[in-house]
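First, one chain by itself in structure tokens, the form predicted on its own.
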Amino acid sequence: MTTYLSDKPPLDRTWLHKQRRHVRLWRRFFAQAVVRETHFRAHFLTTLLVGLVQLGLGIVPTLLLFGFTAEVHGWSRAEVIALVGVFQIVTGLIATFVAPNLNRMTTYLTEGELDGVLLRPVSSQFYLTLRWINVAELTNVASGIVVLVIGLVQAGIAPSLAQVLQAVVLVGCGLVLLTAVWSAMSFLAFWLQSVNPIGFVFLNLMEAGRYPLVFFPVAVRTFLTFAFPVAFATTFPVQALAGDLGWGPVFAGLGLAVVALLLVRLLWRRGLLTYSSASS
């Protein structure tokens, strides 16, 4: 007897086809998120307004600080405003692609949703960390780009193509590193069961990215560069745009990003070994 399943071709499990399948799946996630957002336009407008308020609140301390001086540790007011713009871009991207997923990690593990994910022909780590997308948060990315351009123009900075490339790569490395840190903290749910407060801790630590690295003591700078590497996502890109940074930090960021991804992958696989189904 011929059935529907017997007519289907076998699933291609080669590495290349697996990556293509994941890309197609992510595109469907994004399309689904856009459709979902069109049904909740009030949420879109609310997110936009909240983002603009947060952006304004982020600029006010800078205006107050530079009301008494023209320069702090080599940074002008316009350069710090550009930094606030980069911070808004980075936090907007994290709120769009990362936070909606990692904030659900406790639910995935304690309510049995991971059981269903493990049966799908995709990477469970990929699915749980990229499934949900909050499209409305992209408005914060757009407002951050506007503030960044205003800051660069006021500072008289006209970056070359190479400097823009450095900044983009550093922002990408910073996003990967920060996502890896948050993922590692969230994957502790395999052992701790509940990690809901970790999201609040992560976002509070992120606030340090609003300010240049040199504003902090040496010990804090080290922490913000290697342990919680927000410097790669905010301070270093602005320095790259200003022409104050070579390629060394760019290659260091790429190397750290690769190491971080490998460590997070190992942690995920180790966590899966300890996982016991919550639904059976």
Partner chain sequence: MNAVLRNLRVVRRMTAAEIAQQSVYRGAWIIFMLANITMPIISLLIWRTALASGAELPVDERYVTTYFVLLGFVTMATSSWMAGFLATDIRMGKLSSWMIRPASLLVGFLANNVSEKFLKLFALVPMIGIVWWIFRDSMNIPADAGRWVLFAVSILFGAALVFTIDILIASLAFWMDDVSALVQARVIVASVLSGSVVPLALMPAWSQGFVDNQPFRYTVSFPVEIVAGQLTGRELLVGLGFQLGYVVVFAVIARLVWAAGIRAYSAVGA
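From a predicted model like this one, the values you see are computed outputs, not experimental measurements. Numbering follows the first chain given and starts at 1.
Not on display, but discussed next: the form predicted in complex with its partner chain.
If you check its partner chain in the model of the complex, you find no heavy atom from any of Thr107, Tyr127 and Trp132 within 4.5 Å. Contact annotation: its partner chain lies within 4.5 Å of heavy atoms from the stretch 49 to 57 in the model of the complex, the single such stretch among 248 to 256, 31 to 39, 233 to 241, 49 to 57. Interface residue remark: Pro197 is counted as part of the site for its partner chain in the model of the complex, having a heavy atom within 4.5 Å. Shown alone here, Leu177 lies farther than 4.5 Å from its partner chain in the model of the complex, counting heavy atoms only. The closest non-hydrogen atom of Val201 lies within 4.5 Å of its partner chain in the model of the complex. Its partner chain in the model of the complex is approached by Ala208, whose closest heavy atom lies within 4.5 angstroms of it.
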